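Two forms, one chain: they're shown below as structure tokens, one block per form, named structure 1 and structure 2.
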Structure 1
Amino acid sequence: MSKNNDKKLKIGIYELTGCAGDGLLILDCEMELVDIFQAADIQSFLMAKSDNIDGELDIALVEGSVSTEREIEELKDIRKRAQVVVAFGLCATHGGIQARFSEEEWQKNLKEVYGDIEMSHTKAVHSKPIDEYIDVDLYLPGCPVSKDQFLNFLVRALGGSPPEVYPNPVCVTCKYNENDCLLLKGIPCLGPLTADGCGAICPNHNVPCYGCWGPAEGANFTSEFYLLQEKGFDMEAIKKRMANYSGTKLQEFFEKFKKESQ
């Protein structure tokens, strides 16, 4: 992400299907917002400006999952114009809550809601993370991404460095904070599976982790699954908890257990 010293980085911020919480997070950087727009050339950001430009970019931040054919084309266009594409937020990195259904479940839900209506605006597709359609250079998970995480990314990008990664699960930070383990109390906490980035904010307040930073690298889903079974939770309850924020990334895991249990 190197840049010419005489030129500002050209950055585009785009929203696909989601709650737009990551874009809103940038606007919530109220004390830093003027500095952000002065430090970088924000070419496109519909939530913040009207004079948007669809030109060449150094960095494209894309939030939201892909859920329509029009979004597929928009995403491919962004990829062509940007040197670096960043999956921004959990919907973009993992598909988000709307991607937790299998293809079969999604087709059934679509039929129940819309019946045989022919889509004239754009055709809906099964929600998926953006790397299902394009190459992604960097990932910033979070639901939404935290303010500190975004500002850290931006400062490092302006200096030509990659973002800080969070390789450890929430459990590591939770132990550093000397919290009691909620799993040992029979509470379905996803700390062992979830990438840290939040500072274990939920367990710090005696609330179980719900996985909103997405799966940690190398997380042992099988062990967590059997542990929750031992605590008395059935497969459907475990699936809803574990796949809630993990989108398509856990579909194969649960399909395997579904077949084995039949």
Structure 2
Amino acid sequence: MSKNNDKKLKIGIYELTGCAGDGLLILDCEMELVDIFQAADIQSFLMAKSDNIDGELDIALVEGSVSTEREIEELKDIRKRAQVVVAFGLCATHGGIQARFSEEEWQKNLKEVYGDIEMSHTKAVHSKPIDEYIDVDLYLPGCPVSKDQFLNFLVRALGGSPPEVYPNPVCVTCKYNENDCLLLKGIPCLGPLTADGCGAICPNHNVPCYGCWGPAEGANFTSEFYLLQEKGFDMEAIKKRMANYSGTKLQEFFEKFKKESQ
């Protein structure tokens, strides 16, 4: 993590294709917002300010997936200007929900939605996470990222350190919150496969985790597959459920799994 001792960190917040939830989450830190703007030199943040500068940066937070050629250029430019590039939110880290299609499916669907019209301002490309195009220094997943995670990142970054990360699954926080496990009740919860950080929002409310933070490091997909199958779920349906939020990154697993179970 870069830092200059006397000057405030120069931070830029950029949005590619997505729901803008991660940028909005920064604005949702209402009680901390004034401190944030005082502690850091926010150079660019389209959603919040109009006097934006495109200069050298210490940190660039990039949210959204890469979905047009113009965004590829923009992203490369950000990489050139920033010491540290952070993939901010699930769309940037994993491609988001829009990245779950295969290339062919995507082409087909694009045609169905937009017909043959050629866009004048830029060409669409299959949505991908930003590390498909540039080197990424840090990943903050989540759909959207959480306030705690963002503030933890920010306060540590301001002092020149990366955040502490615990690559745990959702179950960890779910247990802290003393939820009765949904898997035991036969509800298809993806908690064991999903990166922690949301606060176990869904199981807190008796709703099974949908996996919106993307796959957890070290997750045991095979075991969960068979467990859900044993609970009466259809293999294809489980796969689809798992793929919803994992973007392009679950594909590798499916390939491996296919080989293993043959």
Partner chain sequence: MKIVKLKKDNLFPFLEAIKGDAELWAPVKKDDAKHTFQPVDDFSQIDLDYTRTILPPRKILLPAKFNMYQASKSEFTSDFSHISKKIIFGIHPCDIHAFLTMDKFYSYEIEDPYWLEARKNLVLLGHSCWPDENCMCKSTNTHVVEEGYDLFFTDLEDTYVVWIGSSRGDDLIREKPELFEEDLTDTDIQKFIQRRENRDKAFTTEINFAAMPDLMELKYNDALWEKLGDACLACGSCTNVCPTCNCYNVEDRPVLGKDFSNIQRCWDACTLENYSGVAGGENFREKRADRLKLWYTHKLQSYISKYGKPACVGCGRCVATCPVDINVKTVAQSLDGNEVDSFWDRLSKEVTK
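Reference numbering: structure 1, starting with residue 1. Just so we're on the same page, rigid core means the largest C-alpha set that superposes within 1.5 Å between forms. The structure displayed is predicted, hence computed values, not measured ones.
It is structure 2 that shows the chain in the form predicted together with its partner chain. If you fit the rigid core between structure 1 and structure 2, you'll see the Cα of Asp135 move by less than 2 angstroms. Here Lys175 counts as shifted, since its C-alpha moves by at least 2 Å between structure 1 and structure 2 after the core is aligned. With the core held fixed between structure 1 and structure 2, Lys185 has its Cα displaced by at least 2 Å.
Shown is the Cα shift of Glu236 between structure 1 and structure 2 after rigid core superposition, which amounts to 3.8 Å.
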